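Take a look at this one chain, the form predicted alone, written out in structure tokens.
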């Protein structure tokens, strides 16, 4: 049986499924990407199972057991494996619940930014003319403001809550998607296969969703990973400043805020949430680097 007949007999194997299998194989060649995937999967599992595996209620206060050190230090106890904070709350339990909140907020904000940014970039790049000019000038207006200042202003206006925090992060993160997608669409829509689709009478909707949008998956996916890492940091910064998730809900940023006054006497209160943020962001960035290398044919040829 010839290769051509195999493709005709099993198109999915050599089409969509084959591309994803090739992508997985390419990512597997990157040790850092694999390490990031494994560690991030562990963090995600811990975050999702926090209500069942956390040793204590993250809001429970034991005022007689404040600032307990981790169990391996002098004065530590197996009751608080990573120690307790200034209100006697278990740091390990708050880390697990904080992971749930932080990853959920960053995930939804990244998803909504992706959807809105891709829609704007797709419309601007394909329509052209005054539509493109109007949409991209709106992008330029948002990009003219420093990201953190824009986030602080929006958070102060809307008030602290998980829903408002997701809205704020979405409004400050969609612009990069729009710019990259618009540039990609400008390149793709002038390709010969797009002209062929128009020649056979394909509608604009079919050209957009059947021929252009699938080619935007690669850059959008890479942007999503890096945006996710950025949103984890932004959520932590806003929560640290009191404009993120309101207390007593535990988040990594709020834990950093709680530990700022006891840094010299109980450094573990701020060390563990800081490490959690750093490791999670590193893992996501490793995954993003692996995806970028796997999805860019030029980089794959150099590997």
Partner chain sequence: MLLVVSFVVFAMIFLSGDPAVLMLPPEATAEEVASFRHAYGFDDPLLVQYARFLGNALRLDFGRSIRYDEPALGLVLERLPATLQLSIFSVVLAVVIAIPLGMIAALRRNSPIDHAASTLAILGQSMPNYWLGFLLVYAISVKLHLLPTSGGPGLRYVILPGLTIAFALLALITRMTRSSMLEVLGQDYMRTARAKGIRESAVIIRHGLRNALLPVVTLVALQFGYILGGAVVIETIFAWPGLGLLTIQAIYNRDYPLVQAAVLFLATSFVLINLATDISYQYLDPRLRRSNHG
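Just so you know, these numbers come straight off a predicted model, no measurement behind them. Numbering follows the first chain given and starts at 1.
Just so it is clear, the following notes concern the form predicted together with its partner chain, a form of the same protein that is not shown.
Not displayed here, its partner chain is kept clear of residue 201 by more than 4.5 Å at the level of heavy atoms in the predicted complex. For the chain shown alone, residue 180 is a contact residue for its partner chain in the predicted complex, at least one non-hydrogen atom being within 4.5 angstroms. A residue is said to contact a partner when one of its heavy atoms sits within 4.5 Å of a partner heavy atom; residue 195 fails this definition for its partner chain in the predicted complex, lying far away.
Among heavy atoms of residue 295, none comes within 4.5 Å of its partner chain in the predicted complex. This chain is displayed alone, yet in the predicted complex one of 131, 162, 148, 213 has a heavy atom within 4.5 Å of its partner chain; that residue is 148. With the partner omitted from this view, the residue of 47, 54, 277, 37 that lies near its partner chain in the predicted complex is 277 [heavy atom within 4.5 Å]. Only one segment in the set 187 to 195, 137 to 145, 122 to 130, 213 to 221 has any non-hydrogen atom within 4.5 angstroms of its partner chain in the predicted complex, and it is 137 to 145. Taking the partner from elsewhere, no residue among 24, 28 and 111 has a non-hydrogen atom within 4.5 angstroms of its partner chain in the predicted complex. Residues 271, 274, 275, 277, 278, 281, 282, 285, 286 are the ones in 271 to 287 with at least one heavy atom within 4.5 Å of its partner chain in the predicted complex, listed in sequence order.
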